[in-house]
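To begin, one chain is listed below as structure tokens, in the form predicted alone.
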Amino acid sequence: MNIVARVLDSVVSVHADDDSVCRAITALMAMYPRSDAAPSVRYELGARALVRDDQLVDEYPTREALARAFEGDLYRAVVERAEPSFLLHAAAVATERGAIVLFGPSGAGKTTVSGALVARGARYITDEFVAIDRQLRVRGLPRPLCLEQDTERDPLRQRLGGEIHRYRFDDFDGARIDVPLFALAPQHVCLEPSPLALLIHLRHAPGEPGSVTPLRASEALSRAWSERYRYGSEELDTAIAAIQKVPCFELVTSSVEQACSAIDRLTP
């Protein structure tokens, strides 16, 4: 297997021969656009070894651990090579008004809410990390969505179609996890830059009533900067510009339906 794809601002080639590793890489890279350009990052994956640009990154005890390590190393490699931009851990969707960026810690509901917004007509940008450039345009990594439910009965898949890929990996605590990854059909994915329209800090609190609260610029910057992937004065300048020019809110989510309704009201 040899895949050459554009991942953010890099062209990445991945070569693997082991069947289990090939299935994992096919799942992880299912939605990245393929490229004919010369790669700027090259991976060779054996059954245990991860090699990047002819240098051994590490060897791993299982194929599943290798798949997990590859994904993390890929993110680090493309972040290092990304054009000047504010990179943050976030999900994003594209609407007629522009890009809605949902940021917050793991477990805040970014994947669930972004998937629900796509089911309501938005186009998927990413649920992993977002790049906001100097012109305040949004791009992201179109990683397939992790489904909470399995295969045919998942409501998102029933509404949008698409393809399920199986991804097995060893978690950091050693537990083996089998995840269905949902690769959306191309018409539901936004690969071109989209103008930033809205920044929303998510907090999932099922025991609380949902709420939407405008954030002061200083508070929005503090929260967004805590989710950054890369330090630097240019990144900080872009973050400040974004927060000064677009509305910023905290959205406390009690359910997916409440979150989507609140976002609909914020983006008439």
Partner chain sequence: MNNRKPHRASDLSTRRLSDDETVVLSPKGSAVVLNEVGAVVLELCDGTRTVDEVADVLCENLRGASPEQVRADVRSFVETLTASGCLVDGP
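Keep in mind that this is a model prediction, so the values were computed, not measured. Positions refer to the first chain, counted from 1.
Same protein, other form: the form predicted in complex with its partner chain, not shown, and the subject of what follows.
Enquirer: Between the options 62, 222, 35, 211, which residue brings a heavy atom to within 4.5 Å of its partner chain in the predicted complex?
Expert: It is 222.
Enquirer: Have a look at 205, 51, 240, 47 for me and say which one sits with a heavy atom within 4.5 Å of its partner chain in the predicted complex.
Expert: If I apply the 4.5 Å criterion carefully, the residue I get is 240.
Enquirer: Whether 40, 55 and 81 jointly form a contact site for its partner chain in the predicted complex is the question; each needs a heavy atom within 4.5 Å.
Expert: No: none of 40, 55 and 81 comes within 4.5 Å of its partner chain in the predicted complex.
Enquirer: Just to confirm the contact call: exactly one of 27-35, 65-73, 197-205, 213-221 touches its partner chain in the predicted complex at a 4.5 Å heavy atom cutoff, so which is it?
Expert: Stretch 213-221 is the one.
Enquirer: At a 4.5 angstroms cut-off on non-hydrogen atoms, which residues of 230-257 are near its partner chain in the predicted complex? List them in order.
Expert: The stretch touches the partner through 231, 232, 233, 236, 237, 240, 244.
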